[in-house]
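Here you get one chain, nothing else, as C-alpha cells; it is the form predicted alone.
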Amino acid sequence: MPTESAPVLRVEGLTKRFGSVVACERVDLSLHPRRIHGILGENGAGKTTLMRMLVGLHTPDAGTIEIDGQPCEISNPVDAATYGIAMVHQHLSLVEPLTVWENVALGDNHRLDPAQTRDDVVRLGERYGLPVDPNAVVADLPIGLRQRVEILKSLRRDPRVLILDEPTAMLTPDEAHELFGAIKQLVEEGDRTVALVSHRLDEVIEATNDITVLRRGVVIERTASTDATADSLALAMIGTRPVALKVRTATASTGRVVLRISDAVVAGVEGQRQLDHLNLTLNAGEIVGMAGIENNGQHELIDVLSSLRSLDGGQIRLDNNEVETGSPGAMEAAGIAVIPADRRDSGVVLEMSVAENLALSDTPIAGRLGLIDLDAMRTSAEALIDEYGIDCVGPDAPMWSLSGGNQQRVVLARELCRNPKVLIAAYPTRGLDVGAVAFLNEQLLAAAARGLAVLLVSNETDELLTLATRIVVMFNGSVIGELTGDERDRTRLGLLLGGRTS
C-alpha cells in the first residue's frame, strides 16, 4: 500500500478482551495523512472496539499507540482530543430538544459564545460541503442532517484524525453519496486523516484509499482500494464467498388477504396528513416491498402497526377482523410481529440479558402469581440461540455485548417464535454486514414460504428487487404505485419515488 509519508497514527499489537471474548487480537494499523482508510469487517469483527480504543473509550489489554512516531497513552476521550483524534459514533449522541449550535457547543471547556458557535457551524458547513441551519432544532432534522451535525461537532475541535463509525448505516443512498463527497473534500482540503469503519463493500472501495479487513478481531487483509473487489473483500470478511439470493419473479401468495389497510389517515401535530387515505393489502405467503423517500409516511405506518399510534381515520383488518389501533398490545395479539427500524432504540433493551430480551413478548414463561419462570425462560432462550445462530456466551449475556447483527437475530427470533400471521420488517438489514444480510433475507423468504404475509420496508433498491414479489411506493402518505412481475425495474421505481405516476 502507498506510504508517501510517515503515519499520523500507528498501533501495534493492540488487544482487547471482554471476559472470555477476544474482541481485538494483536492488531496492527497505520493511518497516513490525507488518506481515507477503510476498516472493514462483519458485525462483531472488532472494528468498533479498535476505534474505541483509539479515542479512550476502551483501555487496551496489550499493544501500543503512537502519534507522529511517539508512544502515547489514551485513557479517555479528553486524552484523544489532546492528540487530535475525534470519533463520530454510529449511534448519534445528539440532544434532540436542543438546536444545532447548542449541540455543537456541548463539551466546550470555555465560556459559551452562541454567536461564535453559530458562525463556526456556518463556516465549517460551507467549507466542507456540510451545510446545516445552526438554529434548527435537532429533533426536526432528518437523519442525514443529524449526521452532519455530529461531524461538524467533531470538526470544530480541529482533529487531525477523524474516525467515522458506520456513518451511512442510517442514511439513504443519496445521503450517503453526499456524505462521501464531503469526506473526500475534508481530506483533500483540510489536511486530515479519516478512518472509515464500515461493512459495506462497494462504499468502502469507492470512498477509501486503503483498506484493512478484520475477522473475529484479527487483521485478515490489507490492500489498496484500487486493488480490491467486492468478491475479494467479502471472502476476507467472512471466509467464504457470499451466495447471491435468486430474484423472485413470481408471487408465492396463496391469494388470501391476511391484512387489509383501508383509507388510513394519520394527522400530524400541525394538521398535515402523514398518512393520507392509504390503502394496502398483504396476502399470505408473499413479501410486499414498501419503497419511498424518507418522511413519506413509512414510519407513521410502522408506528400504527406497532400499536404506538392511532389512526385518525380508516381501519385495519386482520383475517377480516378489525384491529383497534393505538391500543397497547392489540396488533401483537391479533398476530402482527414487527422488526422495528432501530433495534437499539425500540427493538431490544441493552441492559437486559439475551434471555430476557427473547422473552419480552413471551407470556407462557410467566408462572404462578405472575412470577417469571427463569428456568423456562433460559431453556427457551437456549433453543432460540441455537436455532437462529445467535453468537453470544449464553442466555445470560448482556444484550449490549452482542454485535449489531446478533442483536438483530435476537429481535428476529423473538418475533418469529410467536408464529405470527404478519411480519413487518422495517429496514431489517440496516447496519448489517454481508453475512448477516444474507441470513436475514433467507429468514424472510422462509417466513413467506411458511405462509406469513411479510411487509418489507426498505430504501435498498437491490433488496426490494431481490426479495419482494411486488413493490408498493409511498409518496406524501399514500401508495401511489405498485410494481409486479416484469414491471419491477429501477427506472419505473425511480419515477415513482419521485412522485411520477406516468
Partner chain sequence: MNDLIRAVGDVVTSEATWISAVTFAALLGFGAVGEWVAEKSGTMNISLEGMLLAGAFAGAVGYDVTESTAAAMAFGALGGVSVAAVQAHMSHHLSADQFVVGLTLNIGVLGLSGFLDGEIEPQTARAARTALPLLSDIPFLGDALFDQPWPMYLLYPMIPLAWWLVYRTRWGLEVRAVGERPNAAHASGIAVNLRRRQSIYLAGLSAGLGGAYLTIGVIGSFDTAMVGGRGFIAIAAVIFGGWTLRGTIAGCVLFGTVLSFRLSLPLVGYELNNELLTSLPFVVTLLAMAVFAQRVRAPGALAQPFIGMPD
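Positions refer to the first chain, counted from 1. As the structure is a prediction and not an experimental result, all values here were calculated from the model.
Not pictured, yet referred to below: the form predicted in complex with the partner chain.
**Q.** Per-stretch contact check against the partner chain in the model of the complex, the hit in 222 to 230, 407 to 415, 193 to 201, 88 to 96 (non-hydrogen atom, 4.5 angstroms)
**A.** Only one stretch qualifies here: 88 to 96.
(Q) For the three residues Pro77, Asp108 and Lys153, which mark the spot I'm curious about, does each lie within 4.5 Å of the partner chain in the model of the complex through at least one heavy atom? (A) All of them do, each having a heavy atom within 4.5 Å of the partner.
Q. Hey, in the model of the complex, does Leu465 get a heavy atom within 4.5 angstroms of the partner chain?
A. Leu465: no contact with the partner chain in the model of the complex.
Q. Quick one: does His32 come within 4.5 Å of the partner chain in the model of the complex, counting heavy atoms only?
A. So His32 does not count as contacting the partner chain.
Q) Counting only non-hydrogen atoms and a 4.5 angstroms cut-off, does Arg160 reach the partner chain in the model of the complex? A) Close contact is absent here: in the model of the complex, Arg160 is far from the partner chain, nothing within 4.5 Å, heavy atoms only.
Q: Using a 4.5 Å heavy atom cut-off, state whether Leu112 contacts the partner chain in the model of the complex.
A: Leu112 belongs to the contact set for the partner chain.
Q) Tell me, which of Leu57, Leu445, Ala438, Ile67 has a heavy atom within 4.5 angstroms of the partner chain in the model of the complex? A) It is Leu57 that has a heavy atom within 4.5 Å of the partner.
Q | Selected contact from Asp210, Glu300, Glu102, Asp165, since only one has a non-hydrogen atom within 4.5 angstroms of the partner chain in the model of the complex | A | Among Asp210, Glu300, Glu102, Asp165, a heavy atom within 4.5 Å of the partner chain in the model of the complex occurs only for Glu102.
Q) Using a 4.5 Å cut-off on heavy atoms, which residues of 5 to 21 contact the partner chain in the model of the complex? A) Sequence-ordered list has one entry, Phe18.
Q | Shift in CA distance, Ser20 and Gly405, in the model of the complex relative to the form shown here, given it is 3 Å or more | A | Here the pair is farther apart than in the model of the complex; there, closer.
Q | Inter-Cα distance between Ser346 and Val21 in the model of the complex, nearer or further [3 Å or more] | A | Here the pair is farther apart than in the model of the complex; there, closer.
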